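Structure 1 and structure 2 below are the same protein chain in two forms, each given by itself as structure tokens.
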Structure 1
């Protein structure tokens, strides 16, 4: 199942148009060269959606000033209410976003003295801590404190301030490129006097369904059978990492239309709906383990720690995740997880029997209530007769028994690993919610 997004187009245009519209302009030659990945536009998209803002376009341009200006003009001409830019606010010659905004809106750059004073304080403290001359930052500080005349300045999180520029009824918000700085600065925007009318209101009625174990085509068929978005809703169906997320928003039909469609989908899709809130799977699982006062260990071969890594992204996971073992080699399976050598020789490392032994071994070794194991062939090599690339065995073990799972995933190495990790997390969830498999 390839990642996909199906955005229905049947919602009444007039109702949809009442939502504020936005565009994002991401700057950075390193993005276009493949040296780094854009971590900002997706995060901003989620925040905009939470505030009921419709994101219509994301543009990525290099650090050339002409390219930034062209992107800004395209978004302004499109008539969006809000333009967010990320990157290009630093002190070097190729940080050109603020100057490009000034050029496009026809404002001269002026030094904002309070901001310059603040940046000087920040760089002076940095210099003092390293025994350097703060004068070395003088030119760069002045550049970063230069903003379009009449702009509202957003206090710097690092050394670069953001700016809010009004262009008639449109707003351009210039944000820093480092994700941590951008996210911290974003927190100040919904209450900003120039932005509150766009970001300060509620997102409106919406429902979220999270699904696992059903094909995207089946969800699409059920959605169509229920009438789709013909009654004033706007639905997004997104498949990612073998899960499906369905978000139903109000597009003129009100809370009743949203609830009617969501309830219909939930009723017809049944057990495939595992959650009705936007929490990521790993967050949901950590919360449920904590509520049940259960601890977890992991034993991973082909996923090489990916299951533990996804859980580790959740704040407070140490309440439930005690530890894990990455056991690629048979010797590690035997020595650290107590998998019998005879079992490895008889069934092979990629087998249901070894997956079960790995999980039980992890429970004993780490001292956890539950454990989950993954062993498989991620590819592109490693296949043997009867054991193709994509074959994965998983096992979740608890004190009263466990749950086993065999899957054959299609795709490249990373896809097999990611889908295996998702399957492992769901297997633990099933063990916690439904208990051991008694069949």
Structure 2
């Protein structure tokens, strides 16, 4: 079985070779020191995949100039068609990406005057708004407007322009570090004259299956029983935050092989498959509620707003999510969610009865069609006899009844909270799709 998989992965190399190849170079000592997290390479990876570009590796290096130059040379030497860099475009001494790119490609740095003018305008407006002296920015602005001679300049979103440098047939695209700047600038790349031949292509046949409530081992067994990738597919099975994502891509077998495998998995694992598109769970749920003309409220104890906040990331969610209550204190459960004090005393705040009362209370006080509640012990403290860390009760309430769920999550505080929030979103989905529990 394992051998068959390996053989299959090697056979379609010719098909894969036609796709553009890319590498990402992430710069920043703050990343190597753990001061901040890289949020760009994963996002860029998804965009490259959408454009049918094969990302071979991501390399994160120190932002001293030598490290960036070394990393850049390595990626160029691999022969990839496209290198994206992220970060190191700021005004401070440790922002050295543009200078390093210029050194590697053997060009001198020149100030791009239109860009300098644009950055000066932006920082002057910022300074004026705060009563600061715009001269404080002049040195940094000049640095940020310096680009390798002959490079194409991508207009700044914040104060840093991007650059596209051509090295023979290879392209190096230098992008800013702040995720929102990088993402906005990315939108201009597929149509850029120097990049359209790399980013203009279709992604090729693929199918996505997203599963909840089944172990990864079982997905792996079903996949193996169906012959794995033996018919010219390339499949990734990825478990994250209690959900499993399966993406099946063409690797020589064409659309037929992709569809055959996807259909086989769906037939055997159907009950656990909740989506076949890449929309985030939050977006999927908001769309589902909107099309059913249902409004939602939240009542959160151990997740403390995480369910509402995840939904809040979806643009336009305020049509659907009317509001919610974060209720750590029992008095808040009683006062804002009408949970009877007697119920809290009898069952304790972490109980199925209180979860149900919280959800019913949130429906009434917020005035929503549906409400979902979470109460549990996120840890590390708070466990009592019979109520261990990780024990969580959830309830989704609707006009015709509710769905209850008791889970025992393993892991640290953040894991328990995240898995609980995911479970809450799926519980609402189940209530809408499958109706209330039969009692």
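Only a predicted model underlies this, so the values are computations on that prediction, with no experimental measurement involved. Positions refer to the first chain, counted from 1. Just so we're on the same page, rigid core means the largest C-alpha set that superposes within 1.5 Å between forms.
Student: Just verifying the output here: the form predicted in complex with another copy of the chain should be either structure 1 or structure 2. Which one is it?
Tutor: Answer 2, the form predicted in complex with another copy of the chain.
Student: Please state whether residue 269 has a C-alpha shift of 2 Å or more between structures 1 and 2, with the rigid core used for the fit.
Tutor: Residue 269: C-alpha displaced by less than 2 Å between structures 1 and 2.
Student: Aligning on the core only, does the CA of residue 223 end up 2 angstroms or more away between structures 1 and 2?
Tutor: No, the C-alpha moves less than 2 Å.
Student: Please determine whether the C-alpha atom of residue 138 is displaced by 2 Å or more between structures 1 and 2 following superposition on the rigid core.
Tutor: Yes, the C-alpha moves 2 Å or more.
Student: After fitting the core, how far does the CA of residue 129 move between structures 1 and 2, in Å?
Tutor: Its alpha carbon moves by 5.2 Å.
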